[in-house]
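Here's a solo chain for you in structure tokens, the form predicted alone.
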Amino acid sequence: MMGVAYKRNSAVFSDTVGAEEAETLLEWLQKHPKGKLDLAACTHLHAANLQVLMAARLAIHKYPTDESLAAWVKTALHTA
């Protein structure tokens, strides 16, 4: 389980991103409203994090390479 690595202007999601990451993700998004989100290496995203992404309405820079997860995220964010 790797979670989210926060960089200066990007949040890089990898492997499983659990519910415990949601609050930190929200705080990072509030501080970086133009930050980039890289979900390419993410294999599981807890719904709490998806809700944060839905509320933030920030563009996803890279969607998960896992096709089913990418479809789920795109549908939830209305980008499909």
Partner chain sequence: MNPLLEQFLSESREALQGIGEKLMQLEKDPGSTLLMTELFRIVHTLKGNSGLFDFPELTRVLHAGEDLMDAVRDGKVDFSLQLADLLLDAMDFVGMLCDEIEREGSYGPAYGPDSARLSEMLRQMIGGSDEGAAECSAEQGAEKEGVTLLDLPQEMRDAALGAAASGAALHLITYTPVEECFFQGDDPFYQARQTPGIIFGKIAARKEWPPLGELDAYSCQLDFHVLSSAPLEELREYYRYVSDQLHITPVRLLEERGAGSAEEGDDPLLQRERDAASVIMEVQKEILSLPDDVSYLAGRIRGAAASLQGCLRATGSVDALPGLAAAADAAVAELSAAPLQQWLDCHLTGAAAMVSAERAAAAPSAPAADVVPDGAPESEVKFGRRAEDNLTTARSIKVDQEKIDRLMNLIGEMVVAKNALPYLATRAEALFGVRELSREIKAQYAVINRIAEEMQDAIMQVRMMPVSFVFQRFPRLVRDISNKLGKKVNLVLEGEDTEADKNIIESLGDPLVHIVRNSLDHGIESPEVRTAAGKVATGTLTIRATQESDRVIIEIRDDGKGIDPEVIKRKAYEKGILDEEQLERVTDQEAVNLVFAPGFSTADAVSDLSGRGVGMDVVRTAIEKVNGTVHLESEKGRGTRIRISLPLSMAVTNVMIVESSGQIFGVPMDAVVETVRVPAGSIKTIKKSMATVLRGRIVPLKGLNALLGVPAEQKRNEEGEVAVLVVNVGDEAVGIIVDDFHETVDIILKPMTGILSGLCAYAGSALLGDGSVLMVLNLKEVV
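Residue numbers count along the first chain shown, from 1. What you see is a predicted model, and the numbers here were worked out from it, not measured in a lab.
We do not show the form predicted together with its partner chain, though everything after this point is about it.
*Asks:* Among Ala22, His44 and Trp72, does every residue place a heavy atom within 4.5 Å of its partner chain in the model of the complex?
*Replies:* Contact check passed for all of Ala22, His44 and Trp72.
*Asks:* Is Ala40 close enough to its partner chain in the model of the complex to count, meaning some heavy atom within 4.5 Å?
*Replies:* Ala40 lies outside the contact set for its partner chain.
*Asks:* Heavy atom to heavy atom, is Ser68 within 4.5 Å of its partner chain in the model of the complex?
*Replies:* Within the cut-off, so yes.
*Asks:* Within 4.5 Å, heavy atoms only: does Ala56 come near its partner chain in the model of the complex?
*Replies:* So Ala56 counts as contacting its partner chain.
*Asks:* Scan 26 to 51 and write down, in order along the chain, each residue with a heavy atom lying within 4.5 Å of its partner chain in the model of the complex.
*Replies:* Those in contact are Leu26, Leu29, Gln30, Thr43, His44, Leu45, His46, Ala47, Ala48, Leu50, Gln51.
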